[in-house]
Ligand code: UDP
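Next up: a single chain in structure tokens, the form predicted alone.
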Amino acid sequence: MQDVPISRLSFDHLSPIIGTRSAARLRNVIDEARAVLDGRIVWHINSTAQGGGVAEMLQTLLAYERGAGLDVRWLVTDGDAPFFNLTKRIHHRLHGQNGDGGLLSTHEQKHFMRVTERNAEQVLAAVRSGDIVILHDPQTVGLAPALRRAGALVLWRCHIGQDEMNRAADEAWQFLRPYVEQAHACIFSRAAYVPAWLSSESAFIIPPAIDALSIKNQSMSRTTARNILTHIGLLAGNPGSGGLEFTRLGRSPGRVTRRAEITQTRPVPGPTVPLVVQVSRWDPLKDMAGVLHSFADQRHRMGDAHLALVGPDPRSVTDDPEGLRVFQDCVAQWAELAPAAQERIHLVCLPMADIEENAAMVNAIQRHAAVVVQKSLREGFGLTVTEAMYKGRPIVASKVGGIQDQIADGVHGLLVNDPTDTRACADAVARLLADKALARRLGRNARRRAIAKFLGPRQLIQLLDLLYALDGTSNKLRLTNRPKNGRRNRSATSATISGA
């Protein structure tokens, strides 16, 4: 069990982005929250402190809450290899995929509970009756019954799912159901992800969000982005010794010093060469190999552009046992390409020893990208899509899961109807590379939508509104969307930070 340190950040820094009226409204919400939650700790519990969207979201969301005077804590549970293999299997099944094809039988349930009970001993030593505990994803949901018996208010947040139930998804939900039903409330990214057997009274829809001022999203000059990409080895040239700085969460200065591990025959020739980028975990559902072949097969239509597939060092992501295998499989497929294709495709593993430095590298890569791709086969909600939207980048993404709520095709980006269609993905990328006016227009629209719909203050207001509702406290905001008929309510993303 790991107690993760939380920095302190002020929402005041967001005023220039969200506007003074929205900032004032947010301060009022925080003041009310401090009064309502006085003396109660809000715990967030997940299974990793780095290497994924949940960890990144918690890092900054909790820092703002701590900076606003809320008593928030962050715990990371432990597990052995069989446990994480099992939860990865469940992850795939919730996306409607078989994953490794293993069982979800009584044997797996017993091991799931053995690991959970070991974690529960430490969790219950810290959590008090009346505290609020937010559990994230399948790895932690088994803690719900014990925490509820201990008098905590228990919420379970599921960041994954798919629109249509199938046998694989149903098996996963039946495995999780005894624990899910013990939570006082469950939070989903889309109404379509709510299982039919879950009471609508306990299901709430809160789409994820990004922090506009996080290291991954903070302002960065074009020169600094280029210098960082040259330093880590992705761009050719002399990196020099300057222009590698970023601002850490605690507002102290930081500097990119490490380099990436890159599988390539040579770096991208220079900063004027267009770079197509996908940034993801090395997860089969992100379909990095599909992006590789989409680009390689149609490279004659991409002008002089290069492709970078970017992910964390898979050896550093403890709760994802598939990462190393997926990366190695991509390397093997890259090695089989013709030399002319190999030299234009780069497989990038970013170091995770300093997660803030890692975020600065991702920021530089996304800002430098001519086109950002997210060719996921399944996607609960695309945080990397939102990051690219906020940076005003033109996007090509699969029309799956939460991405459909983020992007309107032809308005904020280009959507590929069939996520397995590598030719359609290549067509969309080639179109944006050739039509710079279209790329600029989509990028501008995407940034406006990200600011209106997918920044942290909106998510925080909805979460606090949910806590008020569960606590029986009167609240004027009414932004949280509870699905009236389970899976059909699609209005979850209508709330904006500027809309009262």
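None of the values given here were measured: they were computed from a predicted structure. Sequential numbering from 1, following the sequence displayed.
Beyond what is shown, the protein has a form predicted in complex with the named molecule; the following relates to that form.
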Quick one: find which of 243-251, 225-233, 375-383, 322-330 has residues within 4.5 Å of the named molecule in the predicted bound form by heavy atom distance.
-> 375-383
Quick one: from K286, R89, R157, H412, grab the residue that has a heavy atom within 4.5 Å of the named molecule in the predicted bound form.
-> K286
Interface residue in the predicted bound form among L350, A183, V76, I205, criterion: non-hydrogen atom within 4.5 angstroms of the named molecule | L350
Is there a heavy atom of A144 no more than 4.5 Å from a heavy atom of the named molecule in the predicted bound form?
-> no
Closest heavy atom of N358 to the named molecule in the predicted bound form, within 4.5 Å or not?
-> yes
Find out whether any non-hydrogen atom of E387 is located within 4.5 angstroms of the named molecule in the predicted bound form, and reply yes or no.
-> yes
P457 near the named molecule in the predicted bound form, any heavy atom under 4.5 Å?
-> no
Listed by sequence position, which residues of 275-294 have a non-hydrogen atom within 4.5 angstroms of the named molecule in the predicted bound form?
-> V279, S280, R281, K286
